[in-house]
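Here you get one chain, nothing else, as structure tokens; it is the form predicted on its own.
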């Protein structure tokens, strides 16, 4: 099996920072890349917060020393070439914009060594949408994480018809070694397993809101009480991030999704209310 010891994560947003910290916590040497120093400063704050969360939740028997040691396994940089020079695996966690992702992979194809496996954390795009930009379709697949990775610790692994079996198996083993439950997906499916279940719920909630049927608070309360779920759909939107929700909705041909995208932009995004990450979205934090 191909050994994966060094990881590079491209993008240090809400989920990218979680992916990087989770791997570092489990002993992998991790490089976190983002586009500028301001993004890296925000990433440092996220990593420090995650160390506290892991300590408080006693993740994997975390001691204060282990949580802090994970920070020592993390290197932050704005130099893409340097970030991927020694990587066994690169996980791309950039915004859900297909041309942006394709451009990233074209650059990676030139910069990363031949050994490097590429994985997209995209929640909406199929790996087949991106594979031709990678320059190595046999070493490319999707590796999709759930938010709050320390608790919802699944990793969906989905290849294309060109993904080498040994690459797929190596990524499954990497996921397992980084404290996750690998979900092996046998064929490409938009939304994987998790979002095939989750997205219809979120879309239904958005429709109820736009139609004036009920407020976000009422919709969330209904879902929590009736199902026993810990969070309602608008609480989930805030955790995922309203920019991500906007990007997904605005790229959909569905008229309802387009209307929700404009609603988010006018009422939240243009006002800097992006969800948990900024302290306010549908709720205040």
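Since this is a predicted model, take the numbers as computed values, not measurements. Numbering follows the first chain given and starts at 1.
Keep in mind that the form predicted together with a small molecule is missing from the display, and what follows is about it.
None of 202-210, 122-130, 161-169, 179-187 except one has non-hydrogen atoms within 4.5 angstroms of the small molecule in the predicted complex; the exception is 122-130. Here the marked residues 14, 95 and 144 all reach the small molecule in the predicted complex, each with a heavy atom within 4.5 angstroms.
Listed residues 35, 53, 29, 69 were compared with the small molecule in the predicted complex; 35 is the one with a heavy atom within 4.5 Å. This chain is drawn without the small molecule; in the predicted complex, the residue among 193, 100, 109, 154 with a heavy atom within 4.5 Å of it is 100. At least one heavy atom of residue 104 is located within 4.5 Å of the small molecule in the predicted complex. For the chain shown alone, residue 235 is not a contact residue for the small molecule in the predicted complex, no non-hydrogen atom being within 4.5 angstroms. Using a 4.5 angstroms limit between non-hydrogen atoms, residue 259 is distant from the small molecule in the predicted complex. Of the heavy atoms in residue 240, some are within 4.5 Å of the small molecule in the predicted complex.
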